[in-house]
Ligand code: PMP
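The chain below stands alone and is given in structure tokens; this is the form predicted on its own.
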Amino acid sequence: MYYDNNTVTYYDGEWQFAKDCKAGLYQQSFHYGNGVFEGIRAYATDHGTKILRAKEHYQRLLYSAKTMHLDVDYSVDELIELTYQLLKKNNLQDAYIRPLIFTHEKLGLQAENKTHLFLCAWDWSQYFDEGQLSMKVSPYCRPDPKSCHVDAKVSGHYVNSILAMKDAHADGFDDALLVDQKGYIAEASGANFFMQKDGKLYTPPKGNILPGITRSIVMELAKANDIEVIEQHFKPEEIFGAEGAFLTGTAVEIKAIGDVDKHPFSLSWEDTFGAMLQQQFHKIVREQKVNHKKTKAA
């Protein structure tokens, strides 16, 4: 799925076939989760292949590395240039890109600052299957912000997401909605959450979430369409009876939610703000003209 014998990757200054890449087994990233990464998408446009918000993604990667005391000898511009080369070498236009920064071989719990850089990409059109998602409010909560940097994209944090997703699948749901330590909705296993209620969009504020780059694009689009977006805390029961909801993220893009804990929404997806923003998002990423609809809240 991710590579074949001809797939080219970038690893510590060299272009190598994916099948030939090797990493040591005695490093903190493997044993303790001390590594950082990004998920980035590229899209085919009439003007050539374009990486969506490349600068913002690589700024976040370097921020994540800094929070984990990991040294990175690359600038944002250098990382962007390498990524375009990666896409060209693999003849990819619509692609999912994965930069990974992981540590040198050294065990122990002292912060290890020496790192490796690995860049790879593959054709990954959809994260979820077709259709609307059925979400479960998870028994797992997001990590406490006092325990780690929850706004950084750290490899070890995703054990939390794996557990939540596994629990949701075991109960017949597609994904999980995790809460924070006070019981407020935080985010899904790997995406941000938006709810439409009373003619407005609500999304959890920063603090217990990874502030997504697609989340910020959706908020920009909403503003352009005169849709009010309110960042505030809300409990799971406040979702029940809402007009609609959706997830946002690099992998999921904008994905419709059909129900939460088997509670459906009052509007069909096609009649929600989310459906309109989804259509506009798909035009933006391919650099097509978008006609914003000035929608006043009811």
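In this text, residue numbers run from 1 along the sequence as written. A quick note: this is a predicted structure, and the numbers were derived from the prediction, not measured.
One more form of this protein should be noted, the form predicted together with the ligand, which is absent from this view; the next part is about it.
The listed set 29, 272, 64, 248 contains one residue whose heavy atoms approach the ligand in the predicted bound form to within 4.5 Å, identified as 248.
Put simply, of 214, 138, 115, 83 only one has a heavy atom within 4.5 Å of the ligand in the predicted bound form, and it is 214. Of the heavy atoms in residue 50, none are within 4.5 Å of the ligand in the predicted bound form.
Contact check for residue 121: every heavy atom lies farther than 4.5 Å from the ligand in the predicted bound form. Shown alone here, residue 175 lies farther than 4.5 Å from the ligand in the predicted bound form, counting heavy atoms only. Proximity of residue 192 to the ligand in the predicted bound form falls within the 4.5 Å heavy atom cutoff.
The stretch from 263 to 271, 234 to 242, 55 to 63, 42 to 50 that comes within 4.5 Å of the ligand in the predicted bound form, counting heavy atoms only, is 55 to 63.
Residues of 170 to 188 placing a heavy atom within 4.5 Å of the ligand in the predicted bound form, in sequence order: 187, 188.
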